[in-house]
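One chain is shown next in structure tokens, namely the form predicted on its own.
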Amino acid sequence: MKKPKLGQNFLVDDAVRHRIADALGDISQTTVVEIGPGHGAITEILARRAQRLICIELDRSLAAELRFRFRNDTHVEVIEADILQTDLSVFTPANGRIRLVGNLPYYITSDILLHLCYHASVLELAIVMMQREVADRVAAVPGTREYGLLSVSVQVHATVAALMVIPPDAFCPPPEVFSTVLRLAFHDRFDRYGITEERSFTSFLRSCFQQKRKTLANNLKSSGLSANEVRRLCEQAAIPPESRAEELPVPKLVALFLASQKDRVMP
């Protein structure tokens, strides 16, 4: 039975579940974390392939069902927990990073993606399914309507690729929207940029994108900066103050953030 508050739409299409599992690549020597395994449509495949499989399920009855189903698989662990309250670093293997897969609940997709960004240093690859409109925002490029906070937050950590669009009838019960599966290949670019405070960076991006029709300078002034401070930051980052945040590529927004941290004009 669907529980609306958890946004549960269970994947039932056999071809799709195999394509998602296949997208993780060879996981025979890998620790895999699955977010929201539900009734185990993808879990069943991963349990046969992964060296270690960690299933994070919020629903108590589903977690119990999965524990019973995989009770003889000692390499499979089912954890009843909220992914947003879960420290992914505790699952990091000694010989590498985590690969992650999940059908993200529509109502907290953005929050989960930002949570993954906070744990980017322990992630190698994520195959994540979400509402198509949200996926479009994640993969958006500068100058498009969809480009914004979520685009920059994810792309500063990972290379984004859309793998497939999934129709509603692949789920039970079918949602009212199409879904997209994204491949997030995490890289070390964030470290090379020299950003040390993830949450400060996210807060800064919120200021830049708070009103998309306003110029970058006006948005920053609305966040409490003086006109002189805004002008100085834009000069340091080589960005025209009349620019809008959605026009700027990730490196330019990073440069602006680093300039703000250097001058300590933003918290």
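Numbers for residues come from their place in the sequence shown, where the first is 1. Computed from a prediction, not measured in an experiment: that's the story for all the values here.
The next section is about a form of this same protein that is not shown, the form predicted in complex with S-adenosylmethionine (SAM).
The partner is absent here; in the predicted bound form, the one residue of 107, 178, 193, 118 having a heavy atom within 4.5 Å of S-adenosylmethionine (SAM) is 107. For the candidate set 205, 62, 234, 225, a heavy atom within 4.5 Å of S-adenosylmethionine (SAM) in the predicted bound form is found for exactly one residue, namely 62. By the criterion of a heavy atom within 4.5 Å, residue 103 is counted among the residues contacting S-adenosylmethionine (SAM) in the predicted bound form. Contact check for residue 47: no non-hydrogen atom falls within 4.5 Å of S-adenosylmethionine (SAM) in the predicted bound form. Although the partner is absent here, residue 83 is a contact residue: one of its heavy atoms lies within 4.5 angstroms of S-adenosylmethionine (SAM) in the predicted bound form. Residue 239 falls outside the set of residues with a heavy atom inside 4.5 Å of S-adenosylmethionine (SAM) in the predicted bound form. Listed stretches are 23-31, 52-60, 217-225, 197-205; the contact stretch with S-adenosylmethionine (SAM) in the predicted bound form is 52-60, by a heavy atom cutoff of 4.5 Å. For the stretch 23-56, the set of residues having any non-hydrogen atom within 4.5 angstroms of S-adenosylmethionine (SAM) in the predicted bound form comprises 34, 36, 37, 38, 41, 42, 56, in sequence order.
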